[in-house]
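In the form predicted alone, a lone chain appears below as structure tokens.
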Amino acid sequence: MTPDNLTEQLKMLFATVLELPVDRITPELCPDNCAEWDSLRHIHLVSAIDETFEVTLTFEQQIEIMTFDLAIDVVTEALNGASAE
């Protein structure tokens, strides 16, 4: 999967889970600047990431997702770890 494809898939996932237009999904998007991103939706994001990308994020990875940009890094890391096994 290319980095651009990963970013686009994550944008769609975030937009769906947070019920936001795709153009609101920016690298800086975070719970502090997005009222829709609450603790329950964070759990839904993690679950959707696990299911969509067929990975299992560690607890540390789950809490590391504090911005959209960090989500890209975490998913990339998880995918690289999964392919190394």
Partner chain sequence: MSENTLTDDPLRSLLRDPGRKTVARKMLREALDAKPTTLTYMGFKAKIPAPSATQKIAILSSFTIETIAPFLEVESFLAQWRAEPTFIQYSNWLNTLHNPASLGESNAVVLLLHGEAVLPWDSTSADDAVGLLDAAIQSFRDQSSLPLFIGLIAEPPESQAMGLGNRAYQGRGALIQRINQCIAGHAARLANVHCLDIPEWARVHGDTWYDRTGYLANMTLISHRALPALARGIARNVGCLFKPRRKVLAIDLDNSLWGGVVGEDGTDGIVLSPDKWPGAGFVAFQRVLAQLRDTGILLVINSKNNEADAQAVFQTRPEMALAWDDFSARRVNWQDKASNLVEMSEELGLGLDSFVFADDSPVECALVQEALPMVDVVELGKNPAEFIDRLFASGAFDTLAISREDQARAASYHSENQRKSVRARSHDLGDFLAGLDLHLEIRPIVAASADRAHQLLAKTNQFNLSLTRPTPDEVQALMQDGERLFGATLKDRFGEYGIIAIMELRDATDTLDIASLVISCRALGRQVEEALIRFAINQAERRCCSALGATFRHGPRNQQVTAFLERIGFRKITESSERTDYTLNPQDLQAPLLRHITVDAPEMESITS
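These figures come from a predicted structure and were not determined experimentally. Residue numbers count along the first chain shown, from 1.
Beyond what is shown, the protein has a form predicted in complex with the partner chain; the following relates to that form.
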Practice task
Spell out, yes or no, whether the shortest heavy atom distance between Ala48 and the partner chain in the predicted complex is within 4.5 Å.
Solution key: yes
Handout entry: Non-hydrogen atom contact Thr52 with the partner chain in the predicted complex at 4.5 angstroms
Key = yes
Problem - the partner chain contact at Ile65 in the predicted complex, heavy atom, 4.5 Å - result: no
Practice task
Spell out, yes or no, whether the shortest heavy atom distance between Asp23 and the partner chain in the predicted complex is within 4.5 Å.
Solution key: no
Fill in the blank from the handout: Residues in 1-19 that come within 4.5 Å of the partner chain in the predicted complex by at least one heavy atom, in order, are Gln9, Met12, Leu13, Thr16, Val17, Glu19
